[in-house]
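One chain comes next, on its own, written out as structure tokens in the form predicted on its own.
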């Protein structure tokens, strides 16, 4: 996928998202970027994997950085040691991310800047409870450790727009990288994605979706 000229747009909840004209695709739901991310990735993913010790998050698609910001806020609030690893082959420019209003709306402008100014491809400790590794790489080109992650945020563009990202080989890679009992959450409810997740070994089904969307996928790596 080639980079496109992104456009800043305002969602119904007053938060921003990015629109890519050539793909006719937004980074978040126009009903509300913040409530969508909280529902899909925090409520169904992060909150369900909280535990003593270090919690390891893998994100597919850093995008606007909103999921990372929300997770960092919760890590600090809950005292949950969190390691956050995000893959993003096409990072937004500073002109774009600095115009997004998430830091302002969430009253976290300093943390927002820290996340986005963090050097790519280097692990960094950003707060007492949150460390970050952003890698400028595609999922298919990265080597992931076995049975390592507690939760995966799958936040790429829609399967119909970025089919290669959602392929069985990538899903196998994610399955192998996750601990038994780990969760994979994504906004899509596409039946083919559910079938492919089941094919590679997940228990996968649909749960209630975010505002404006009926369903979303939740997949769990079976306990051994």
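Everything quoted here is computed from the prediction, not taken from an experiment. Numbering follows the first chain given and starts at 1.
FYI, the form predicted together with a small molecule isn't displayed, but the following is about it.
For residue 65, a non-hydrogen atom is located within 4.5 Å of the small molecule in the predicted bound form, even though that partner is not displayed. Among residues of the shown chain, residue 137 is one whose heavy atoms approach the small molecule to within 4.5 Å in the predicted bound form. In the predicted bound form, the small molecule stays beyond 4.5 Å of every heavy atom belonging to residue 175. Taking the partner from elsewhere, residue 87 is found to have a heavy atom lying within 4.5 Å of the small molecule in the predicted bound form.
Though the small molecule is absent from this view, in the predicted bound form it lies within 4.5 Å of a heavy atom of just one residue from 30, 199, 192, 162, which is 162. The candidate stretches are 123-131, 73-81, 103-111, 148-156, and the one lying within 4.5 Å of the small molecule in the predicted bound form by heavy atoms is 148-156.
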